[in-house]
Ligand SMILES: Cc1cc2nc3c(=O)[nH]c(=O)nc-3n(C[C@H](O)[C@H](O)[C@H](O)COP(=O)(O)O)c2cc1C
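Next up is one chain by itself, shown in structure tokens, the form predicted on its own.
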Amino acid sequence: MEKPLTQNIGADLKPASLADYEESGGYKAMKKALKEMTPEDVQKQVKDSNLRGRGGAGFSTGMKWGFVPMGENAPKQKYLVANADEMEPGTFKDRYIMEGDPHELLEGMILAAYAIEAPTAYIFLRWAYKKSEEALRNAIKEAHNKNYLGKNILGSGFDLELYVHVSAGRYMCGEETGLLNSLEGKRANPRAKPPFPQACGLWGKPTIVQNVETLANVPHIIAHGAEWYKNLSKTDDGGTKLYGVSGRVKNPGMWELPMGTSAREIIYEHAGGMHDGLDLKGFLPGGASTDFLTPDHLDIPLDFDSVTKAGSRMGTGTMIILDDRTCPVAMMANLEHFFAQESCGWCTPCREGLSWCAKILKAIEAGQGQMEDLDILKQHCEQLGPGNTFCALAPGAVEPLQSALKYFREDFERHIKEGKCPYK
């Protein structure tokens, strides 16, 4: 099975040097694009590949690029931003690429910037990713020395300056407009849409914000073609995917597998199955802001549309496991506390509603809840849902809670009836 994303990443996670990367075919796609392809050609190839964004939303990458104004009358200044502010609990896949193969991200960014004719790019990096920062800064220096970055790259007439921006580390910076505000030196509040960043983004100029894993796929698409990329997948979504598992399994970690691999294969073959004596109770398929699925969903393909049909979201593709000895109420209290802390406070439903949910859950976990609290929690999940808040933070935050109330309601009721946590 081909693993283009991780082919240069060893077990020691030592960053691949520019020489290592070139030895495996690195930067050939960039040279091919700059010499033989127009920006529109690159956009079309990526659109035809069915590459969907790996940050959670799953939007078509080629289509997103197509919204950027092009041609002689387009603004000369445009921006490309790699969203590397990976902060969601249970998600650690982008760090793996940045620390293990930083040139793969850089080549993907050069190609993406060329495709939208952007002369400036940023990597918006979480402050805690010190090893990633070191690897990226060294890679940028190496790329500059070979004129893969800078003025008139390889005599093509295309210029690109690329900067690492170390962020203060807020969950809101994962939302693209919150990230742009932060990059401009402002508080990381979301912006109203429209206008969308593709037309009016960083400092009012057309901007593409894209996840690290998404951009890392681009060199392989340009090097091998759209059909090759689509054939890596088991479903209609193109390519491979970095799937991860955390929780009480025998071999937690991350693996590059064909898009559409089932949760059963990932949990029981690659992650080694549950610890002895434990059973799977449920799992969050795409990080902490997705709805629970249960053992009945183990055989669905983990791609964007199949997971949506099952009642959850693909998200980042990094699963969090709930076993039958772990209290789901405590897990929810912990998650909602995190989301309440990370709310930017811009809109009232999110600022007040998430904090209220966290307080109720803490009381139920402590055996001090009332049966009416379950109705209040359900009401909050509805009122904080899509369309009722300024951005997607609150709707994502209540996804695990609404599904926990659906699948594990008996556990909530036992806490209230027994006046204590039955798992302790």
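This structure is a prediction, so every number in the text was calculated from the model and none was measured. We number the residues from 1 along the sequence you see.
Keep in mind that the form predicted together with the named molecule is missing from the display, and what follows is about it.
- Location of the named molecule contact in the model of the complex, chosen stretch of 251-259, 131-139, 204-212, 218-226 [non-hydrogen atom, 4.5 Å]: Flagged stretch: 204-212.
- Task: Could you check which residue among 367, 39, 66, 53 gets a heavy atom within 4.5 Å of the named molecule in the model of the complex?
- Result: Result of the distance check: 53.
- Of 175, 101, 291, 336, which residue is found within 4.5 angstroms of the named molecule in the model of the complex when only non-hydrogen atoms are counted? In short, 175.
- Task: Check whether residue 392 has any heavy atom within 4.5 Å of a heavy atom of the named molecule in the model of the complex, and answer yes or no.
- Result: Residue 392 belongs to the contact set for the named molecule.
- Quick one: does residue 160 come within 4.5 Å of the named molecule in the model of the complex, counting heavy atoms only? No, residue 160 sits far enough from the named molecule in the model of the complex that none of its heavy atoms falls within 4.5 Å.
- With the partner left out of view, is residue 86 within 4.5 angstroms of the named molecule in the model of the complex by any non-hydrogen atom? Within the cut-off, so yes.
- Item | Contact of residue 79 with the named molecule in the model of the complex (heavy atom, 4.5 Å) | No, no contact at 4.5 Å.
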